[in-house]
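To begin, one chain is listed below as structure tokens, in the form predicted alone.
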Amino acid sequence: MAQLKSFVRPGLIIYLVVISGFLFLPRIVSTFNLILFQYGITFAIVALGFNLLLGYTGLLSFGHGAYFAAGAYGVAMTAKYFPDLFSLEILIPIALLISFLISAIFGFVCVRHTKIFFAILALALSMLLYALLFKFYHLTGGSDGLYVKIPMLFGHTFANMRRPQFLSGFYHYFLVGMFFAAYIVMKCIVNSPFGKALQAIRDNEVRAELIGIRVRRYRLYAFIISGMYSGLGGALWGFVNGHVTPDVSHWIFSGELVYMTLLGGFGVFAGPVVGALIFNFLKLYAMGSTEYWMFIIGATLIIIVLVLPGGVAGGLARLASRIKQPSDKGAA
């Protein structure tokens, strides 16, 4: 009974407060800040998948922009070449399928290596995709990219809406729903026997192999799941941004995903979500305030590494545990 109460108090109540806050945001904040939040939520989905590799499998990738681009271009190219299929209930599975195929192909090559070799190989493959998106101008729009129009949903069109109105209305609730669905699924994955096997591989690859875990296969599965999360985030981001360019497959964008995860803390499950939301606002307001915004971003990362090595969420979790310890001793 005591365990049930301890779960309900901190866990369920916090989730309900966060969900309620997300749902009421259109009534609380301006349209500008709401759209910034939606950018952050799409990156949070990507960061959840990225952390499956970094935090739970121990593999650092500098090429996850490729799978983000797969989802985003899947949506944009469907709009251009198959306009009759441009409906949300079709586009999301298309984005997941394309990101699955690309991450399965790239992952098959990458998981044969570890550490710096894995990171560089993932980066090289993502730059290969970047070059293809950039050079195939007649198919992908080249450096100009592709426009993403407002989609349909089960035959219902939002054609009379401007994008800010669409994003402030139905799409916001759809996006929040997709985020929490992705969050719950990832939570189940990392707490499943498969997730525990990934953590065993991260902690000691040799021991994991000795107890019967097929290390390379499990890494490939983790890579594919992570890539599909990136593709889902890329598809949802495409509707918010309204335009897709090859830059999202560049290694610089992939580096930003690493930054988000480090900023929030990859040792805490919700850390990448916190990092993605903070980074999105930090980057935009830094860019709007000074031309030396990259200095601000770099200085922030250095401070986080030195002061909060576990990231923002990791620091908050450590603070909460310290506050809880005296109360537990007092109760005892």
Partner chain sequence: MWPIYILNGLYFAAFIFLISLGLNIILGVMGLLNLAHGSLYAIGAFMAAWTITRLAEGASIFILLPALLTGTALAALFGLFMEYFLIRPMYKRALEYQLLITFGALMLFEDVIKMIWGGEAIYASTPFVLLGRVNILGNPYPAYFLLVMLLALVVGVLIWLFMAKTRIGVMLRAISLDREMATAMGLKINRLGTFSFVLGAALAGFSGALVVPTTPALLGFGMEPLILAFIVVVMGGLGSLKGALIGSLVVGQTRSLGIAFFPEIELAVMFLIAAAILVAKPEGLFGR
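Positions refer to the first chain, counted from 1. It should be emphasised that the depicted structure is a prediction, and the values quoted were computed from it without experimental measurement.
The form predicted together with the partner chain exists for this protein as well; it is not shown, and the discussion that follows is about that form.
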item: Listed residue (111, 262, 102, 92) with a non-hydrogen atom within 4.5 angstroms of the partner chain in the predicted bound form; value: 262
item: In the predicted bound form, the one of 215, 190, 88, 120 near the partner chain [non-hydrogen atom within 4.5 angstroms]; value: 120
item: Among 172-180, 123-131, 70-78, 228-236, the region lying within 4.5 Å of the partner chain in the predicted bound form by heavy atom distance; value: 123-131
item: Output flag, 252, 255 and 294 jointly within 4.5 Å of the partner chain in the predicted bound form, heavy atom basis; value: yes
item: Partner contact for residue 62 in the predicted bound form: the partner chain, 4.5 angstroms, heavy atom; value: yes
item: Non-hydrogen atom contact residue 28 with the partner chain in the predicted bound form at 4.5 angstroms; value: no
item: Residue 54 within 4.5 Å of the partner chain in the predicted bound form, heavy atoms; value: yes
item: The partner chain contact in the predicted bound form: residue 184, any heavy atom under 4.5 Å; value: no
